[in-house]
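Read on for two forms of one protein chain; each stands alone as structure tokens, with the labels structure 1 and structure 2.
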Structure 1
Amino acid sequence: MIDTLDDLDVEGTTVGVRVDINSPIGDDGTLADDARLRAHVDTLSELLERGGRVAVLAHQGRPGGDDFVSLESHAERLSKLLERPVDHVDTTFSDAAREAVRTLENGDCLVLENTRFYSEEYMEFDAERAAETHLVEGLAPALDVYVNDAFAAAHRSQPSLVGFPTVLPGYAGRVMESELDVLGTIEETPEPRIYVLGGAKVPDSIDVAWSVLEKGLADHVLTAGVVGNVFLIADGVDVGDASSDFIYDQGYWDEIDRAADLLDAYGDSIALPRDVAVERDGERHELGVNALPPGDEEAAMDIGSSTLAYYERLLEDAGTVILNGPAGVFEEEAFATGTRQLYGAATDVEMSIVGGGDTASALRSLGVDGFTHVSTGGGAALRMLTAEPLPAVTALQDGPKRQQPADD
């Protein structure tokens, strides 16, 4: 059982709120897309309107990456979205950070610096050990309670996610609550249950396929995108040099053996593309798998229309469909057809769940909506869709194991 904001007496309480606003960053090093910030507006507004004193904690990027930047521009954007001043503090758990948190008044909000600027935050710990990190020991004394709204990072067992709820009373924010409501009950969703696995994260998709087929969660797994191409190769189809080289370059060659093992074990439940679309003379051109391989330069960029018809027929009988990753290179209009149509057909299923933040923004750009639930998380949603526990959720469930360090 996890406490939510309904269980929290907010007025006058200093709340550390972990959000996931890890976002695309432009060439100038500032925020380029605010979709993830918008997702947390309900939680933050509610806490502020109820008289909370809010210190926002978040990570941005990974060390060494171009998107590993300060949260200053995130704070500026949050200020506009929340329609109130939101200060940015350029440290996370120093004296200055604690002082800024302690001087918050009811209804005030500040953003602490990128948690991953400190090396401990890029490590995975068990919850007890995470509670002993500099970040948690340094900041917890200035907080009364901890709210975790960062569903999209909940598959990480990093200090800001599992350490704070070990020393402070922990609550799920509104994003976390709604994600858990839907994704935490995947085993109870209407059957038959179909998983559609597309996109380019082949190892993750094969992990999901193994897990959901082994556990009997999936009645069918439909493959598309690069995942579909890997399954075609595993089934003995020559998808051509261009697609094979792409799979090899991504380091996914070993995945073909894993896909073949999966076909041996659960072949009857796994659907493979029956045709693919390539670019020929500058246009979309469809080829049945029997007509493969295509020309040397022609990559399989989308599923074709007979695959779509086949998958749509399977979806007609589904009670629940869970989708992750696009069916093709949706960024190019000629190859967006598979994603638009397949995801469109999924909206007619009684329960339709989309896992994966990037897929969600792709769907918005393609004008497809009407799903039962679109998750804010990529890796976290995938893990939940296999009915595996998430460390940050377990830490909230377990509750504080010991007293928070004393305020000085």
Structure 2
Amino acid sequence: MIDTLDDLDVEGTTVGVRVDINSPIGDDGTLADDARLRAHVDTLSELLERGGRVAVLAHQGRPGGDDFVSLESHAERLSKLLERPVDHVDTTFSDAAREAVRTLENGDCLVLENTRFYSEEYMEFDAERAAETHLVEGLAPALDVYVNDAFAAAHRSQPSLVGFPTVLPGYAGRVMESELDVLGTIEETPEPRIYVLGGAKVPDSIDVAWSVLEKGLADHVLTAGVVGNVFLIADGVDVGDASSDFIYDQGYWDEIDRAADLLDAYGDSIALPRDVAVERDGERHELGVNALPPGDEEAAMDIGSSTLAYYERLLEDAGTVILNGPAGVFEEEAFATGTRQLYGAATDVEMSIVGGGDTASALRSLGVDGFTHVSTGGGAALRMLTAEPLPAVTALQDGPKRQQPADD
């Protein structure tokens, strides 16, 4: 059982809130997209309006990447979104950080520095060892409780995710609570249940397909994108050198055997693309999968209109559709058709659930909305759909429980 904000007496309590605001960064080093920040506004606003003293913990980018930057611009954007001052502290667990947290008053908020500026935070630990890291031992004494709202990172076991709830009473924020409520009860959703698996995360998608078909959670699995190409090859289709080379370069060649085994076991429940779209002379051109010229250098960029019609007919009878991954190279308008129309058709289903990551990015760029639930997490959502435990959620379940709020 996980406590939520409903179980927390917030007023006067110093709350460390782990969020996932890892965002695209512009050439000037500032935020290029604030969608992930907006997702946490409800949790942060509630804590502040209820008199909490909020210290925000978050990461941005990875060492060596252009997006590995300070959280100063994130704090500035949060200040606008929350409509109140939000300070930034250029450290995370030093004396200065603890002093900044301890001087917070009711309704105050600050953002601590990028947790990944410290090497411990891009390593993974078990919860007990994570609680002994410099980050947790340095900052925890300044906090009364810990709230995890970072569902998108919940499949990780880094100190800021699993260490704090080992030594402090832990609570799920509103994003985390909503994700667990929806993704944790897939077996209770209306039937028939259809999974649409696209994009390029082939191993994860095959894991999901195996899991949901074995457990009877899926009536059909529809494939698209690179995932669809892998299944086509497994079914004996020559998808051309360009598509095959991409699969090989990504290290996915062994996944073809797994896809073949899956087709042998559950082939009647797995739908494969019937045609694809390629680029020819700068334009979209559709070909049946059995009409692709052997060795053709034209890569499959999208599912074709025949596949769309086939998949849309299957979706008409669905009670629930779970979608993860785009149907093609949606960034190019000529090849956004499959993703736009397939996801648009899913909004007519009684219950529609969308995975995060690339899928959420595709929806935002294509302006498709109307889903029952759009997850904030890619890897975390996939892991939940295969009934694998999430380390950050387990840490909330196993950690110490409620604590009385601090005195003013």
Ligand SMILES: Nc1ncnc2c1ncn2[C@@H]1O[C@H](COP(=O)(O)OP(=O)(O)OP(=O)(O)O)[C@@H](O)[C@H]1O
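These figures come from a predicted structure and were not determined experimentally. For the two forms, the rigid core is made up of the largest set of C-alpha atoms that agree within 1.5 Å on superposition. The first residue in the sequence of structure 1 is number 1, and each one after it adds one.
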*Pick one: which is the form predicted on its own?*
2
*Would you say residue 297 moves its Cα by 2 Å or more between structures 1 and 2, aligning on the core?*
yes
*Is there a C-alpha shift of 2 Å or more at residue 96 between structures 1 and 2 once the rigid core is superposed?*
no
*asked:* How about residue 76 - superposed on the rigid core, does its CA move between structures 1 and 2 by 2 Å or more?
replied: no
